[in-house]
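Only one chain is included here, represented as structure tokens and corresponding to the form predicted alone.
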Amino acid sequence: MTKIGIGIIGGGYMGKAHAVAMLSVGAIFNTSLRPHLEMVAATSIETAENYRQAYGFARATDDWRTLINDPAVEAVIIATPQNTHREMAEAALKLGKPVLCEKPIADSLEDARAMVDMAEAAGVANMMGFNYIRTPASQYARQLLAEGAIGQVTWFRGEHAEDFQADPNLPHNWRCSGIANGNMGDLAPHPINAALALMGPIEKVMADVECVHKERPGGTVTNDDHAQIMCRFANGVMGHIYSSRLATGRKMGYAYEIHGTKGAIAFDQEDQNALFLYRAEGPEAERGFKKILAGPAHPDYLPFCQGPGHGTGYQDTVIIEAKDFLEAIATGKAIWPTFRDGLAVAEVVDAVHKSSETGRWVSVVQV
């Protein structure tokens, strides 16, 4: 076992999740690299010191450059707004330090492409923080599709629907300003990432992006609330993706349904330890979706628990992500999703905006 110093920029929602994951991953997965929480960076020394004490970091700083340049920080996790990602990632990559960056990769295609070029030139581990697709159930869904369990796929539907902005009387806040903070910057990347993981590249999109509550108490909303996206995958399959922050009643509606000539697969993150599988076989009277409970037979489940049906949670998906990041560093082999996979999501998002603006189909390759 070899100790590796971890630096995390940002200690809020995702910064805490990554800190907890790095504290736990060695014991759960018996990784060859054992993380040490070396330093945390925040916008003020008081905040950073609070994070240090709460999460168990050795040191704290109010300057992310200090963190990246410190020789004891051997790998960097970026958990800050996307408009900061490029500068931070490039600074770390120039020093040959592996980077795990939260989604989305950047706030522009120019920055995203620059990050990919830098990461691939540096030749070090780079990974995007798409944790939802890492549930044991969704990993099993990918296996089933690869094995042809539901035959030739004919249709895909994906969504990420939540309701944290559903109330029109909710006061204006930071989520209401700037395209990066809207639905397409915040929620949409997740179902797009799921679509790419499960179905492969998206060839073209026809989309409608909308701001429903244009005025909120305290200000004007300048970004989108929800979006519907018709798409055609490179393999010829038809699909639809929906994302929303106005979906009343939905708390974590990251879901997908896939139809094939021999069956179907369905999943909903609000019940993340279950996968529903339909097989078009046997007597018609006995057919129906079978609920498969996640268990030790499914990817990345057994290290958490030996009992089927006992379940994993949100934090566990971030721990699985931490394991993959450490493995990529240890082996020198790229593990999905890399910065290039993050760029693929960003290209679809850009195509969606162009389609909504023009009212036409837009080729993702041409963005």
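All values derive from a computational prediction rather than experimental measurement. Throughout, we count residues from 1 along the sequence that is shown.
One more form of this protein should be noted, the form predicted in complex with another copy of the chain, which is absent from this view; the next part is about it.
- Using a 4.5 Å cutoff between non-hydrogen atoms, residue 130 does not count as a contact of another copy of the chain in the predicted complex.
- Taking the partner from elsewhere, residue 226 is found to have a heavy atom lying within 4.5 Å of another copy of the chain in the predicted complex.
- Residue 365 falls outside the set of residues with a heavy atom inside 4.5 Å of another copy of the chain in the predicted complex.
- Taking the partner from elsewhere, residue 96 is found to have every heavy atom lying beyond 4.5 Å of another copy of the chain in the predicted complex.
- Stretch-level contact check against another copy of the chain in the predicted complex with heavy atoms at 4.5 Å: of 83-91, 154-162, 68-76, 117-125, the positive one is 154-162.
- In the predicted complex, no residue of the candidate spot (184, 215 and 325) has a heavy atom lying within 4.5 Å of another copy of the chain.
- Residue in contact with another copy of the chain in the predicted complex (any heavy atom within 4.5 Å), chosen from 246, 176, 199, 137: 246.
- The partner is not shown here, but in the predicted complex the stretch 285-307 reaches within 4.5 angstroms of another copy of the chain through a heavy atom at 285, 286, 287, 288, 289, 290, 291, 292, 293, 297, 298, 303, 304, 305, 306, 307.
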